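Below sits a lone chain in structure tokens, taken as the form predicted on its own.
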Amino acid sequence: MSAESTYQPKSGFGRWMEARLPIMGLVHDSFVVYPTPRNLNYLWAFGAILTMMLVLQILTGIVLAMHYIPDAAMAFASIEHIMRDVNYGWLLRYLHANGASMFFVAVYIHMARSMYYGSYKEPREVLWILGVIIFLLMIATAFMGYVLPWGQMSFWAATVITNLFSAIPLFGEGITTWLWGGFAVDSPTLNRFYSLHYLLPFMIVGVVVLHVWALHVVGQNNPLGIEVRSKQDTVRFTPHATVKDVFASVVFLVVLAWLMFYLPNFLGHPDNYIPANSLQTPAHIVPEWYFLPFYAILRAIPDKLMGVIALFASIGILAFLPWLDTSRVRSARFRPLYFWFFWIFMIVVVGLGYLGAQTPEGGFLLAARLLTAYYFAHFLIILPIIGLIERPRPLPSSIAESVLASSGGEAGEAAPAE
């Protein structure tokens, strides 16, 4: 959907530049006058929050990389050097580590909002798939970053996770050896993970650009899940959406600051303050909290290969969500059955996260297997059936009508986007 730019430079240099490289026109059309649905709530601000957190992670990561040494004999000491000797190194390190956790908080809320309001449905399938790709790159980046402190939990998490690839028939051993850079997790492994951890965020930036591009082509979804039908349904992106984005971002930064200054190690593991020791296995190996639901799925399967398949399938299945959900109605506001099953699914994911932090035995293991079965059943059985048997509530005829009805206004009072 291309249209002639409405941006009019006021200076001679601006007009000269716009005729050769219309960056300001692109920004103006995409983030100032871009028509956005007038009924968006604060859940739509998490796109801006995620962009802010990505920039924050890249900037702090670049500075930390200047002082980090990717060598098994010196990595742990270099982290302590950053914390103790580098000016504000402790601040950068805590900001980067807790920023990763808050990044995942934001992305999980962003994904849950998309699932609740059906933002993955036609014509936004490619937009959703690009989001899943970003999520996969985030997981890979965060895992490699978790290894870099080279504490006990970092070392053994790397050992356990990379060993999973050995279960792949024919190529598994070769892949594992390549990841290790030898025959055990050691300095070559750390060097590989350090390089990839530095590279992948810039790949995420590239996919984010495609994600935003796809969003501007098909337009934003909204809480009603209906398409924009007229200018009455929209407002300018700035100031209406911008003000919400800025306010939500400030609140999010306040929460991050509270976590960073008052509970900087709350989301970490104390064993990671012990230098890596290949001869001493921790009593209980656990990844970071944002990996726990998938870790529970992995351990719930008794066969190693099937566990690896289930682990990757639990993420990959998200890409097929636009076709697994057979309902034509997007928003859960108008889908009484889907509303309840959505919240059951959310409880299941949280339950898997809790079980991922427990020892895989007894009742914990049984519960993990039951919740894993339900996780896949939600996508493969429940969603397709609900779409066929559910009777959705009547949809409003337009966004403007719904907004004005809830505020007591009349249709003629709606102000179109400029």
Partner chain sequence: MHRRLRHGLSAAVLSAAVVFGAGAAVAASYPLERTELQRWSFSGYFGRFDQAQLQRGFQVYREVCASCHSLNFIAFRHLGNEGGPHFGEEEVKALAAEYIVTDGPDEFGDLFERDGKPFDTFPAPFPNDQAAAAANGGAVPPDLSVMAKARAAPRHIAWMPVDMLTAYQEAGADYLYALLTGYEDPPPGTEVTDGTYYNPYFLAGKALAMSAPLSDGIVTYDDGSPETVDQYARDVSAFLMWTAEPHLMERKRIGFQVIVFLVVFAGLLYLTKKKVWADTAH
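Residue numbers count along the first chain shown, from 1. Keep in mind that what you see is a predicted model, and the values were worked out from it rather than measured.
The discussion below concerns the form predicted together with its partner chain, not included here.
Chemist: Whether residue 379 contacts its partner chain in the model of the complex should be assessed with a 4.5 Å heavy atom distance threshold; does it?
Modeler: Because no heavy atom of residue 379 falls inside 4.5 Å of its partner chain in the model of the complex, the answer is no.
Chemist: Does at least one non-hydrogen atom of residue 244 fall within 4.5 angstroms of its partner chain in the model of the complex?
Modeler: Residue 244: contacts its partner chain in the model of the complex.
Chemist: Is there a heavy atom of residue 171 lying 4.5 Å or less from a heavy atom of its partner chain in the model of the complex?
Modeler: No, no contact at 4.5 Å.
Chemist: Would residue 177 count as a contact of its partner chain in the model of the complex, using a 4.5 angstroms cut-off between non-hydrogen atoms?
Modeler: Contact with its partner chain, no.
Chemist: Please state whether all three residues 198, 206 and 209 have a non-hydrogen atom within 4.5 angstroms of its partner chain in the model of the complex.
Modeler: Negative, none of the three is within 4.5 Å.
Chemist: Which one, 323, 258, 343, 312, lies within 4.5 Å of its partner chain in the model of the complex by heavy atoms?
Modeler: Contact with its partner chain in the model of the complex is made by 258 alone.
Chemist: Taking its partner chain in the model of the complex as the reference, which of 278, 163, 230, 265 has a non-hydrogen atom within 4.5 Å?
Modeler: Partner contact (heavy atom, 4.5 Å) among the options: 265.
Chemist: Taking the partner as it appears in the model of the complex, which of 86-94, 127-135, 108-116, 329-337 has residues with heavy atoms within 4.5 Å of its partner chain?
Modeler: Stretch 86-94 is the one.
Chemist: Using a 4.5 Å cut-off on heavy atoms, which residues of 332-366 contact its partner chain in the model of the complex?
Modeler: Residues within 4.5 Å: 354, 361, 364.
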